[in-house]
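In the form predicted alone, a lone chain appears below as structure tokens.
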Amino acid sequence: MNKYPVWLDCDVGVDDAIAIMALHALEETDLLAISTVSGNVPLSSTFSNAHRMNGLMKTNYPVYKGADRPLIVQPQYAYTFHGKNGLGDVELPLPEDAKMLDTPAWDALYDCAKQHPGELRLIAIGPLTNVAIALTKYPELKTLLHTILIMGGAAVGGNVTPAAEFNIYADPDAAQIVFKSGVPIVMCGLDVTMQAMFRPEDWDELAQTGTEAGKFTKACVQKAWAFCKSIGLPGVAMHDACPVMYLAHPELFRAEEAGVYVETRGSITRGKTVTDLYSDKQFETKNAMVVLGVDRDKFIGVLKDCIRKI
């Protein structure tokens, strides 16, 4: 099987950690490296958390440090959902052999893309700061990437404000650079990710396997679950696993091509992903595949199979 070469850019929180495990275990993907960015928690935590996931999975994926703040706006964090350390306050040991690489994330991404011209899939599941810096510093990069698969945005509504989803709101200026880059984009926003619900019976089943990965999965979602229960949700949405799973199993999803751009200046609409999906007025360019639906049961089934392999 020819695997998709993948670079993962992330702000390692609860659902990022589960997405990393899925990306590692899926037969269709070849994870080449991980870069981290400020987002759910500060960069110091997202960077160390990526190394901690290496330790849990007994892997040695290269981990590169990226931006410690957005391009222009002030940093936003999501401690209520992800805990102070980003992993639901579960303490994973830092591997003794963790390699603290000095190359900035954007430089390492460009070097990797040159090694896989036209083939590299960039999965970005945090604020898009690193990606925007890379595209700006290296104009050639947009011709080297095959696709950017994003967890972010929403065709309708938001979660951090009524208009905006967290990852886009956290750095709307970076998101606008990415959506205007000309690289083919797959946008997995709240429209689809809120359907990808991980429920108590799912994480209980994984914990009962007795594996470290299974036990960690249950433990790390508990803080998020407390928050989700308080607002009436039936589980914890696996936001960041959606673009990972879309790459490997697009048949599980429903998507439509659309034009998507980002509001960067509005006071109450900052970070809104403005799409022409439901508009009589259409943008001139269809720059994104907007994912709108998922077969939840099959999605969670594949996700659990991935975690069982670790």
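Heads up: residue numbers just count along the shown sequence, starting at 1. These numbers were taken from a predicted model, which means no experiment stands behind them.
The next section is about a form of this same protein that is not shown, the form predicted in complex with alpha-D-ribofuranose.
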property: Interface segment, criterion being heavy atoms within 4.5 Å of alpha-D-ribofuranose in the predicted bound form, picked from 216-224, 234-242, 179-187, 103-111; result: 234-242
property: Contact test in the predicted bound form: residue 134 vs alpha-D-ribofuranose, heavy atoms, 4.5 Å; result: no
property: Residue contact check: residue 125 to alpha-D-ribofuranose in the predicted bound form, 4.5 Å heavy atom; result: yes
property: 4.5 Å heavy atom contact, residue 191 to alpha-D-ribofuranose in the predicted bound form; result: no
property: Heavy atom of residue 166 within 4.5 Å of alpha-D-ribofuranose in the predicted bound form; result: yes
property: In the predicted bound form, the one of 85, 159, 147, 195 near alpha-D-ribofuranose [non-hydrogen atom within 4.5 angstroms]; result: 159
property: Within 4.5 Å of alpha-D-ribofuranose in the predicted bound form: residues from 1-40 (heavy atom criterion); result: 11, 15, 16, 40
